[in-house]
Every structure is written in C-alpha cells, then in structure tokens.
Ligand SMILES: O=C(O)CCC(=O)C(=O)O
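A single chain comes next, written as structure tokens; it is the form predicted on its own.
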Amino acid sequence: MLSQIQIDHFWEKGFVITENGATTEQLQALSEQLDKWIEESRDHDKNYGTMSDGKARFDLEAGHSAESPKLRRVANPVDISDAYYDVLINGVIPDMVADLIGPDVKFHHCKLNIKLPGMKTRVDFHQDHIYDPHTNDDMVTALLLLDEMSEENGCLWVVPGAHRERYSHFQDGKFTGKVDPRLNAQLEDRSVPITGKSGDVCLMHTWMVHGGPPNLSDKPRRMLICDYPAADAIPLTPPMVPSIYSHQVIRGKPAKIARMIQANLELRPQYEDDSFFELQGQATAGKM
C-alpha cells in the first residue's frame, strides 16, 4: 500500500500523507451518516448517548442549539455504524498501518472530530500516547479527511520530528491533556499544516505533537480518527475511549508475548470529562 519513500518519511518526520483512504462510495456513506447525527443533535441541549464507561458518545460545543447545531465529536462511530466499521476495519487504512508497524495490527478506538463553520473548537498541542500508554509505542493514528482540509477551515498542524520528544501533559500537578501552553509559540514555529482533499489520510506516530485552531471559515472540516497499535503493544491503562472492538486483531495474528520497551511514562488519571475538549478547558453545551 505504501511506498518505501512514504514509510521512510513516516519514521523520519513522524507522519505521512497518502491518498485513497476510502472509496468515493465509502466517503459518501460516511458523510450521509454524519449528516444524520448532526441533524439528530438538534434535539439535544447537552452531551448524550451513553457508552460502556458511562461517558457521552455525542459531544456538543457550548452554544449548540436546534437552530445552530455544534456537534464536535462522535466517540467510536464504528460501534454504531456499518459504514464506519467498513472503512476502519475492512478498508485499506489498516493495510497502510500494517506497512508501518505490521504485519500484526489491532484496532484500539476511533472518533469523529467535527469543526462546522464558525465553531470555536480547537485542539491544543498534545501527544496521543499519553492518553493510551502501551508497553511499546508502535502505534499509528490514522486521520481520514471527510472534507477538503485547509488552513482556512482549521486544519491539523503537526511538529515534524517531535515524535522523538516527550512533553508533560500535567500542569501544577493536574492532568490537562495538553503540552504546557508556555511552549506553544516554539511549537507553532516548528509546525506545518496538514492539508488535503476528501479521502486523503494522514498517518501519524502516536508520539507526534499536534494540534489545530478553530474553524472560522464558512466551510466544514470533518475528520475521522482511528488509533491502531501493533498486536504486541499491550495497554497499560483501560482505553480512554472504549470501543466494543478495542484490542481486536484486524490484520495478521494475535501476539503471544508483550513486547516491552524501556521508557518512563506519565500515567493519566481516568478523567470524568466526556471528551478531551472539555478536559483541555473548552466549554461544553449544557455546562457552566
């Protein structure tokens, strides 16, 4: 699936962008399902849809209303939609991931991050491995673009090479789920935008530092995100966004041993917030 040049770029820079993560038909099915969820969100004034850990599946930005829906996240859409299951488990994206960390690959969890026009949701700089630490860090976050993504509509920004760096996600003894904001300026100076068209995929190392600004344009920016560990990467904490398919081997064979690497890892608490947007200090509909 991936060329050697793409594989080398991933390991050198911490990410790689490729095309055709889903077919035209699959992308249409994903968008149609998401449109239905956005429409359904008009009937709610706070987060809703309970998952196995008691948290809400559908996360709403402050200011959400029936007239102006602001659905910003759907946790594990693969659990409730055949269209999303088809793309993330039966599709080509796991094959791309297998080229990087395979041949044996597991599904961990997925989510939709939604920035509708004018939404204030941002993603503060962070590293994914902090949220779901494993015995080794052969883990890939795949980001499938459902819309054209540009600097105008709040694209993702990554810091090339930062997958080799480690940053605390605690401030003043509290887990905030983000890098110390005092480092934002220097990370912004090093960061590059991830832009592309619908169907493109950014494959990102689990330690990549990344973030993104609000969408202040009149164009939507919807992105499907999925985490895939190597089969021999064993979780050190329960999944932060548990799926009914968490830990299922979807390419290759199950591991008979846990592969360990030497590392010191921050262990985040089991925070009660429905999504990491709220954890990072961003307002949620129905809450003061």
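From 1 onward, residues are counted along the sequence shown. It should be emphasised that the depicted structure is a prediction, and the values quoted were computed from it without experimental measurement.
There is another form of this protein, the form predicted in complex with this ligand, and it is not shown here; the text below is about that form.
- Taking the partner from elsewhere, Leu156 is found to have a heavy atom lying within 4.5 Å of this ligand in the model of the complex.
- Using a 4.5 Å cutoff between non-hydrogen atoms, Lys111 counts as a contact of this ligand in the model of the complex.
- This ligand is not shown here, but in the model of the complex it comes within 4.5 Å of a heavy atom of Ile225.
- Looking at Asp104, you'd find every heavy atom of it more than 4.5 angstroms from this ligand in the model of the complex.
- Contact here is defined as any heavy atom lying within 4.5 Å of this ligand in the model of the complex, and by that definition each of Asp128, Arg221 and Phe276 is a contact residue.
- Residues of just one listed stretch (160-168, 120-128, 180-188, 83-91) have heavy atoms within 4.5 Å of this ligand in the model of the complex: 120-128.
- Taking a 4.5 Å heavy atom cutoff to this ligand in the model of the complex, none of the residues in 38-70 make contact.
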